[in-house]
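Heads up, what comes next is one protein chain in two forms, each shown on its own as structure tokens, labelled structure 1 and structure 2.
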Structure 1
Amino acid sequence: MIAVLALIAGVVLGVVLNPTVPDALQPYLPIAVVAALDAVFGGVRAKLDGIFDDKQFVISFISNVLVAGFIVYLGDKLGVGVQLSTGVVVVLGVRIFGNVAAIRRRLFKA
């Protein structure tokens, strides 16, 4: 229940305050969101499997975002930012869909 209230509060604050992302960070925001979604779906899967650990979730969430951002930053510096960004999205996308499939199987027994 607390998570749902926090989500609603975050959406309301985002709409009311209309925050802006600095131009220097804009290339990294989509990658950070995909990395965060990977951690969230992994956490939901772990919770349904009965092996959720809050410390591991926080560390996974932060490290996913930082590592994905660092890979994209490194790609930008090497001149291959688009290719590495695509690679990060593909890898995280595969993980997200794997977790969603496991969640679906667990919830719907399908």
Structure 2
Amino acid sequence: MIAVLALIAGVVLGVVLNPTVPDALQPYLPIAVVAALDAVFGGVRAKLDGIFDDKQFVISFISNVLVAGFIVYLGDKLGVGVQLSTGVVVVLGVRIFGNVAAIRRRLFKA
């Protein structure tokens, strides 16, 4: 519950402050969002499974964002930025999808 409130507070904060993202970081923003969504859905599922762990959640978020960002950065330097971004999105997308499916099964028993 606190987590949801914090999430909403974060959204409001982001809208109110409307910080300008430096140009160098802009390509990483969408990937960071996808990585963050993966961590969020993983956390929600763990919560519903009754095995949520704060440390695991925090670390998985930070590492997800950093690794995803690093892969995109590496891809840019190697000239395969688009392809590697696609790879990251596919892998994280599969995980998000699987976790959402698990959440759905738990909530609706279907």
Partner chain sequence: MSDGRDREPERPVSTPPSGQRVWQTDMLTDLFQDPLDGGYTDAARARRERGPLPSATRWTRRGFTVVVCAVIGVLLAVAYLQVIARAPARATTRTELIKDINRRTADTDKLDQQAETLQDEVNGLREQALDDTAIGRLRELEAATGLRKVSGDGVVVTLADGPNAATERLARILDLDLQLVTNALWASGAEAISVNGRRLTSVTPIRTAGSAILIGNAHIIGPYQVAAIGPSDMADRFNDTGTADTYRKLRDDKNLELGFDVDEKNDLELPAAVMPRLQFAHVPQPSPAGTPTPSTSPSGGGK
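Residues that one form lacks are left out of the comparison. Superpose the two forms; the largest set of C-alphas matching within 1.5 Å is the rigid core. Values in this document were obtained by computation on a predicted structure and should not be read as measured data. Each residue is numbered by where it sits in the sequence of structure 1, with counting from 1.
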query	finding
Of structures 1 and 2, the one that is the form predicted on its own	1
Regions of at least 3 residues displaced between the two structures by 2 angstroms or more (CA, core superposed)	1 to 18
